[in-house]
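Only one chain is shown below, in structure tokens, and it's the form predicted alone.
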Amino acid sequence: MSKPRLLLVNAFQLSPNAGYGLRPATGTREALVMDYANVARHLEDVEWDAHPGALATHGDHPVEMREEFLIVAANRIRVVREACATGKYDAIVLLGGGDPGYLESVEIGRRFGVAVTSCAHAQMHMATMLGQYFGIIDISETHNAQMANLVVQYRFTEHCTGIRNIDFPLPRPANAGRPKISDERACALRGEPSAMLDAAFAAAEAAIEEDGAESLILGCSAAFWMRPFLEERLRAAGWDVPVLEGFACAIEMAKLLLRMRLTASGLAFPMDPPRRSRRRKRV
């Protein structure tokens, strides 16, 4: 039996000379997946490719603002449509914490019989399998707004205990002079203190003790590298709490859908035209 075929699609691609990149603009499929070492085991039982994402038109820097997420979404769904039309893939995994273009991509995928998953959507569903309440640890005020939108859109308001902001924003012109996430990651990998990781640990404890979270979600893909470090520190402090990053959750969700031979509901994502129409839709 052949292995499932997955395409991992980044949210966007910066120019090779961009000064704000968090991953290479080109290279091997492994190089195109941030913190590949943390998710490699989830890809061992599938065939997979990685797409760098559509070339950014919002600016040559990572995304935090609503306007930018919308522009990225419009660019990415074209990549999704082209990939689905090739017939090469059974599922598409959208990389990136803010889920730009996710629901539109699910609609596209269903027309081609291709399952589509994304990070925050998969994380939230996974979190509610582990307990009733989850907290979100996120990087900045502007990115928090996108995550809050997703919690409402995905109808997880009764399960989300809140979003804790650690205030380590993405590298972009507006954040010039702020600590660099890449430097914080490098410190942690060398076994040195990381202010970003310290802030995440403090936010995680507050989410657990003050908000009632039973599992934790890292909101931005630039923060996904913290998962093993944060989980280990929480365990050392006596907290038996899972920390979820989006890449692994989205990959595993895609594999689950494929095993169950599902894409999405034809009532939630009707065809054009639908085989049958309802008189009333629940909202």
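We number the residues from 1 along the sequence you see. Because the structure is predicted, anything quoted here is derived from the model rather than measured.
Another form exists, predicted together with another copy of the chain; not displayed. Remarks below refer to it.
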query	finding
Stretch in contact in the predicted bound form with another copy of the chain, which is absent here, among 239-247, 217-225, 23-31, 47-55 (heavy atoms within 4.5 Å)	239-247
Residue among 83, 188, 199, 77 with a heavy atom within 4.5 Å of another copy of the chain in the predicted bound form	77
In the predicted bound form, the residue from 213, 95, 92, 181 that sits within 4.5 Å of another copy of the chain by heavy atoms	213
Contact label in the predicted bound form: residue 40 to another copy of the chain, heavy atom within 4.5 Å	no
4.5 angstroms heavy atom contact with another copy of the chain in the predicted bound form for residue 16	no
Close approach of residue 209 to another copy of the chain in the predicted bound form, 4.5 Å, heavy atom	yes
4.5 Å heavy atom contact, residue 160 and another copy of the chain in the predicted bound form	yes
Within 257-283, the residues that have a heavy atom no more than 4.5 Å from another copy of the chain in the predicted bound form	257, 259, 260, 261, 262, 263, 264, 265, 266, 267, 268, 269, 270, 271, 272, 273, 274, 275, 276, 277, 278, 279, 280, 281, 282, 283
